[in-house]
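Next up: a single chain in structure tokens, the form predicted alone.
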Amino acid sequence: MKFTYQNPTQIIFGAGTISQLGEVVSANGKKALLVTGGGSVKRSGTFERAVSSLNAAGVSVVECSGIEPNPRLSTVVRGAEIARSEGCDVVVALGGGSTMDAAKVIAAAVFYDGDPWNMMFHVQENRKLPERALPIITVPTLAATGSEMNAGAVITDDKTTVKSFVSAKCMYPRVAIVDPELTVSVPKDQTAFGICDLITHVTESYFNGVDGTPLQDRFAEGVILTAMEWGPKAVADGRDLEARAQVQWASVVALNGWVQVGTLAAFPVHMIEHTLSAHHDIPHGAGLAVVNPAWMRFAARSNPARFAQFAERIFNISVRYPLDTEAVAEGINRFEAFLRSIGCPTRLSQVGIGDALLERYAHDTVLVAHDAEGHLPGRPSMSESDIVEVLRSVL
């Protein structure tokens, strides 16, 4: 292994920690752009608690509301314009992964010279990473993406329906206030989708990473087992604060970079799902629940030993080495059954997607992420026809 790792985000974790928001933000600015989504934070009372804490600390608030579940480039541009015109000097994200992603890009777009779309990973010409951003404070209200403690963001271009991503050092949040109490009102389906999302973050590096990372394997397995133990409890009883807290911490750990250190992993499942949700605006975690088991069956043909290890360590399935295709299949089947048991879809038809655009999905996916041969990076890499095969298997 060879790697460099740093995560500068301070995390304040625990029930009731939203009360510290004003103190934290006032150390970074005096006029906050408060970025929110579709209104759930107001219905739950979280918005009022946040504003009260900010005002008590002498921080004035300008709201940027209406961030979509799959945030749009036009919304990011709107947010940056509000921040500039109102003279905001700090950005506070109050919501789920989409809200936090949008807030990061808004904070960077305030200073960005040119079209913010040119920040994105897939741009071949004129790509320029942002080098400066307003200070960012994240307050997640959903356990799912881990966006509260990393430098990445995923944005959709309204005009082309292309969904891409950016990661830049200046987009690391200064502080993440992670209060599990804020997630108790999350509906069962969104809770389940978040559980699938956080698990997929670690299965991506677990299955697509380089060999020789046994400690990272154990970290990944620990996150998966924790999510599978406490996730169903959070779905069954949303007010189970202990379950909410364990799932929330698993979500943070799953994508703050620590599990992925040294794995050099691609994220093919996420790339495929991004295309689906760009076209159909489905919940990200729901799309992952459909794609991930299907991708696993495809990838297991090339790397059966890794999937046998997954079956053995996650589900205690007896494995005969070096190759046990029955155990491999059983492990994937049990994982898919777990997703169904907590209320996740496992077929495209369940999220309203048919077979009309399969080739378009494959094309758009490799447009965003591809290797020198034009294939989607992963283990194994995937041609457009491979992507179509995977999607067709779960119609």
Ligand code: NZQ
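We number the residues from 1 along the sequence you see. Note that this is a predicted model, so its numbers are computed, not measured.
Heads up, the form predicted together with this ligand isn't pictured, but that's what we're talking about next.
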In the model of the complex, is there a heavy atom of this ligand that lies within 4.5 Å of any heavy atom of residue 173, even though the partner is absent here? no
Residue 287 versus this ligand, in the model of the complex: is there a non-hydrogen atom within 4.5 Å? no
Residue 293 near this ligand in the model of the complex, any heavy atom under 4.5 Å? no
Would you check, heavy atoms only and a 4.5 Å threshold, whether residue 122 touches this ligand in the model of the complex? no
This ligand in the model of the complex has a heavy atom of only one listed residue within 4.5 Å, and of 234, 254, 106, 144 that residue is 144
Listed residue that, although this ligand is not shown, lies within 4.5 Å of it in the model of the complex (heavy atoms), from 150, 138, 203, 260: 150
Go through 26-34, 353-361, 325-333, 61-69 and give me the stretch that gets within 4.5 Å of this ligand in the model of the complex, heavy atoms only. 61-69
Which residues, if any, of 178-213 lie within 4.5 Å of this ligand in the model of the complex when only heavy atoms count? 182, 183, 185, 186, 187, 190, 197, 201
